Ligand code: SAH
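First, one chain by itself: the form predicted alone, in structure tokens.
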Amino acid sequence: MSPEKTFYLETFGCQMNAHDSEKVIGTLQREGYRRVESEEEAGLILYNTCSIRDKAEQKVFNRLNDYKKLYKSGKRFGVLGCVAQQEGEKIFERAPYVSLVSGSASYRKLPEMLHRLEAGENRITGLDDRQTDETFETEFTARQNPYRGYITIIEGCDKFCAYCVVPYTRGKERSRTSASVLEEARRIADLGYSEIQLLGQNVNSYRDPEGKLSFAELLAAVGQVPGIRRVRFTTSHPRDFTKDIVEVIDAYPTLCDHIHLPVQSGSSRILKAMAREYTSDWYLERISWMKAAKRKISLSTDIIVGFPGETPDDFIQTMDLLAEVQYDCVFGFKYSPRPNTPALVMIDSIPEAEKSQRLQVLLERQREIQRANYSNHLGEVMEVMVEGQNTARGQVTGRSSQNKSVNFTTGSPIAPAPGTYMQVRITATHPNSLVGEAL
């Protein structure tokens, strides 16, 4: 490696991965590394990976293959995250030029692993099993988002849904103390952030190790940190979703009126096969709590089509649930088998063309629902936090408390800075965004 320690890091996957990368970057910088913008400039090339779907995993190996020629110039490669934990030392066999393989549960050991790398070791692994009680907490987080601060409050997953690889790559559920979360929230506010997003594979499964605060109480406490105007959280699991979460959103305006609650299927039979451990009626009861709230809560979800054994009638039940809930956003996916998951032994007899057709039908119906939902905002005045600008259209881009994208004009040649809050009157609507004018 060159005398000046440089690194390039690319992140694949979810917000949890993106925030893990912020903490990895901060740790590397603490160890004397400087971040650069391309693989060619870097002495150390890192890929923080996702394995939730096959394409995401394959993308990482394609990227490694594209840049393996750089190995001859003395560069070192590392694979981090879920693919690293899933594949382990097999990565060295598939990509012999990789020197470091570390799952997310081992990031706290990064300084030690970096020192070994600098000393010339070529095969370094950090692969904690899922039984670790450690979380990755660091004061050296290099926050990349200029307007939103992320805080991981719980890592891992104990749910073992039949299709999901996360329990095997992220380890068991382990929560941070509420005191450490609130301390980080105050640090974020002191840095000038006004929006916080609490993260976890199942964020509402949070259990304070000190027994002081429930998840709902923690939401309230973060929402009362001076300087914080918005608090979001993702992703929730229906099994651990309690009524007091809705009640606390009603009680504290700083808590955003948006909940993402993945349902995965509208068929109780398929939910049982997925090992989700709730029925569609159980799920709809929680939706009824949200619809009865004093504030209008925006709802979004995840749905998998084509899970092994899903019949046309099962799919119709999912479409019926879609019509009943009237989500503002749906992330739809075709089922794809993942390593180590229980669903691998199930017969995946649904043709790929049928899966694609069901997904298309689902998304087209959801687009109609969103078009109707978004049209209800016409003429409304809402608070929008600026996230950037679309110079081609002469618009400022931002997001409402309900997590809806808003593109608007200001009548000023000077664009407002990211993180600025503005009152915007909605003048036009689309299925995925709102258009308006700043007041």
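Note that the coordinates shown come from a computational prediction; the quantities given were computed from them, not determined experimentally. One-based numbering along the sequence shown.
Below, we refer to the form predicted in complex with the named molecule, which is not included among the displayed structures.
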Discussion item. Can you confirm whether 235, 334 and 338, the three residues that make up this candidate site, all sit within 4.5 Å of the named molecule in the predicted bound form, judged by heavy atoms?
Written reply: yes
Practice prompt. Spot the stretch among 280-288, 210-218, 162-170, 344-352 with residues whose non-hydrogen atoms come within 4.5 Å of the named molecule in the predicted bound form.
Written response: 162-170
Worksheet item: So in the predicted bound form, does residue 264 come within 4.5 Å of the named molecule, heavy atom to heavy atom?
Response: yes
Worksheet entry | 4.5 angstroms heavy atom contact with the named molecule in the predicted bound form for residue 248 | no
Worksheet item: Taking heavy atoms only, is residue 202 within 4.5 angstroms of the named molecule in the predicted bound form?
Response: yes
Worksheet item: Should residue 276 be counted as a contact of the named molecule in the predicted bound form, where contact means heavy atoms within 4.5 Å?
Response: yes
Practice prompt. Work out which of 302, 320, 128, 257 lies within 4.5 Å of the named molecule in the predicted bound form, going by heavy atoms.
Written response: 302
Worksheet item: Which one of 44, 385, 52, 28 is close to the named molecule in the predicted bound form, taking close to mean a heavy atom within 4.5 Å?
Response: 52
